[in-house]
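You are given structure tokens for the same protein chain in two forms, set apart as structure 1 and structure 2.
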Structure 1
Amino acid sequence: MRKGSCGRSRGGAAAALVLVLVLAALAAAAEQPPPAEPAGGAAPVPLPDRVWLEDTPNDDGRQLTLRWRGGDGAAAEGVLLQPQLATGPDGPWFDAGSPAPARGAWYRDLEPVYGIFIRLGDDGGHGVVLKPLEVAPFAPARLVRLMLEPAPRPEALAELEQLLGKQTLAAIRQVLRDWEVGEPDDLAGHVEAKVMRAVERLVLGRPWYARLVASRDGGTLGTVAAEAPLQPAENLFDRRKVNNLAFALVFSALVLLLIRRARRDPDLYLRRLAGLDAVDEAVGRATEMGKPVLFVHGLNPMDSVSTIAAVNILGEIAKRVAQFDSRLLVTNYDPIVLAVSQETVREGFTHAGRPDAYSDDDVFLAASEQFAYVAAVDGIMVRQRPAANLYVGYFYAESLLLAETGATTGAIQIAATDSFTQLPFFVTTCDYTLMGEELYAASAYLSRDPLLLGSIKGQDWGKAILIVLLVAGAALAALDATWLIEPLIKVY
């Protein structure tokens, strides 16, 4: 009985001990659940063991790169890492961009942003680019709208203060006062652009906190915060463009060197350009026939290099027309090109000793609408029957309409364009066509100025270098050694 009683007592103690242990284990489990214990008893999911922020290079200070290492083993299959941003260490946190797969978003994949001249390596690191201004609560337009509410709601003000802090809010208010913006309607035109830009700078000009929230199948697995906050910085050099800069420097040095050489040795050889040799013939013919020479500008505005080249050619043509005592009609599409052309032709006539022969009415705006321009120029061709038509500049669909009408009038036609899509039309309808780079060489060729000719030599050397690089590149590509040529040809 005693024995029996003792046995019961021992059994009860053991049961109580087990119960205590179970309860203790349950309590521990309730206090500290394993963060990445997957269902089904699989191995636990390791979270990234190091997360940090770095400034995104080559940008205007609107981006941050969130980097991390680890947490990408086989057990992390299907795990998503949501980057979040905040302006304080305790939040509030907001999703920044889409979730990244734990086994993807490799740091090396950021090459389009970083460029090939920054070594990204292949050490298994991960990274995503975050854009704080694209996180909805921090969008400058929203912030300004909230601040411009006629009677700001206390909760809106509290939210703004929590997001940006008192100092930044005061600075934004000052910006709005400086630009005299008191209500949303005041935000118009350049005022809106200036205010938004100032607000952007103020929002970005503070430290940003980041973290990664891991989840799988909608369930959160854990959170890892970045080591330290970071303020995005504006970069002074786009390192993706190193190859571009190198080529620009080499080519510029070459051109300037050959221009300098041309000062010493002005007798530079330049191959003949039949189209330009025919200019004198065309102008002479116009004089004999008592008909005008028609110079037709392309459609591009004055900031286009092809239009500048056209104006340069126009100056030389004007001198010849004045020397031959003929008449020059210049049709323009753009009013700024018109003003420059009038000045250029006037100077050309003055240079030739015939300022009296110049008339502003001969250099005019035909139209500022593409097909209205065609109609106007075609009308001049049909009615006035110019002896020579010169089409110089960048043309679009109007090229054939102009040149074909000109061809039916029996005029000598010379075209000069860098618009390769229109070249076939000019080649088929004009007597002479200056193709591509010949447009840019034309003013040097016509003026025979040694300094200008020197720059043409520079162009030729640049082309020679490119041909060598192209042949070498093709050979290396054939040998599957593209990594050797990539730094030269990669463009961002």
Structure 2
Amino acid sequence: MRKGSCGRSRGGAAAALVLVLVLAALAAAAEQPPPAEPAGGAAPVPLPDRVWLEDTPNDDGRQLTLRWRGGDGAAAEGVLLQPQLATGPDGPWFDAGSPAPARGAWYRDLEPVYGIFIRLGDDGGHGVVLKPLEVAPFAPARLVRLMLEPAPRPEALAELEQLLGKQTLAAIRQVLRDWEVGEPDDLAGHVEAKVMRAVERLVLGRPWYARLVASRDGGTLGTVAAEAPLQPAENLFDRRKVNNLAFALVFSALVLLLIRRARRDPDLYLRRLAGLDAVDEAVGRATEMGKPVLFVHGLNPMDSVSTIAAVNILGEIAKRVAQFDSRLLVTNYDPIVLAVSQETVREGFTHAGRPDAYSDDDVFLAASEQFAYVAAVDGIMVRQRPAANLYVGYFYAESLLLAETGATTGAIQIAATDSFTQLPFFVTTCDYTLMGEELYAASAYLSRDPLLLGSIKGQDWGKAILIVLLVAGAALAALDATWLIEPLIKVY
């Protein structure tokens, strides 16, 4: 019993000794002085090495781009850079955007107040797009309200004179007099728009000064001003989109060259489209059976690209029907499309040497409501049982109703549409289906017109070039080949 008691006494003493040592270490740490600050009494401030203003490309003269380089590093933790604007070198200065972190990180979570932050490259360069007219003291509406006050406060006028100068204020007053604006109620409609635009020009038509203010926890650490002032100006050319201009020029040259080649060789190769190859078969079958060919327009109006393509195809179909001495029925949903279709079919019959075979009664307005149109066309299919049904244009929910009814009559069915939501229905119910861009190529395929052939071939070459560029770009990105990409994207 005594041996056990002694063991417990020694264990308690050891625990007490450890507790005393821990408390002593904590007390010693608390008494140690804080780490010495570097010479000068403050932590180093990572201010940018260079700050400058540039005109923002391709804008309407309302924006400036404030840029800076350098100043990034470990010491920048917690430091913010606040862009500011002024109309004079000595201020007064006004915040022109949300503060940006001084470190070289992309501002994914930054919500700018007046400006849009941008990254200039991986070398630590950054910038912010500043909009002087959105900074509160320079807002045109605020300036006009101050001018229209019956008795403006002397301090407000003094502030405006300091900000914009007496000449600018006199010019703004003259604008208000010219438009006979004496009180806020006089500002309405086009008068307000004209006055505000004039005030905007006066405000922006002066040099602007900018600077960056570094701060941490609300305290200012330092300031770096831009190298020189700058005045916003309208830009007609955006250097960032030179690649689009280059591709447009190359694409246009390709189209023109291929049109010239197509004029020399009308048999220029185009990929075979089975649905169009079957047109002659369908028209020939209708002639043999003594039954008509039914051409069904989509529901889009005449200003739709798919409807224009459908009318072009209709013209070629009309020529073939006239040559085979058959009958062509054309149903229409839109009155304007009806008028164009009648003229197109008449021209096709005339071109084939059979103007007497054309009848206006065969090109008609079936209905001007979607499902009434479907009912009318289905009725024609059931009663007259055409030997060939052609569905060309942009279709909606009526596609399956039309194609299913046509399938029950045993007709050859050919569909051509760029409505991707209706393609599955046509594919399953029609004998041949032209999908997407094949609708636009069909008129060139049928007519062999050099202008259309050259345009189609030029588009194909343009797509091939884009595919090569996309594959090459993906490969360069996978290989991290920044040596080629960086010069192109470094500035913007």
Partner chain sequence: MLKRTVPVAIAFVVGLWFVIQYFVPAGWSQQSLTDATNWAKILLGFAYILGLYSLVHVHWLRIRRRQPGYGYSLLVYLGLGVTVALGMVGEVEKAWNLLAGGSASFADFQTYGGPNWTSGVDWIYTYVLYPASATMFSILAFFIASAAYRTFRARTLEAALLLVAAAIVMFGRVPLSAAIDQAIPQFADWIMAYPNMAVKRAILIGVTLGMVATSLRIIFGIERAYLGGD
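Structure 1 provides the reference sequence; residues are numbered from 1 along it. Predicted model only: the values in this text are computed from it and were never measured. For the two forms, the rigid core is made up of the largest set of C-alpha atoms that agree within 1.5 Å on superposition.
Shown as structure 2 is the form predicted alone, with the alternative form given as structure 1. Relative to the superposed rigid core, N58 undergoes a CA displacement of at least 2 Å between structures 1 and 2. Annotation: Cα of L202 displaced by at least 2 Å between structures 1 and 2, core superposition. When two forms of a protein are overlaid on their rigid core, residues whose CA moves 2 Å or more are considered shifted, and G290 is not one of them between structures 1 and 2. Comparing between structures 1 and 2 on a rigid core frame, one finds that E227 has its C-alpha moved by 21.2 Å. Superposed on the core, the two forms differ at G473, whose C-alpha moves 6.1 Å between structures 1 and 2.
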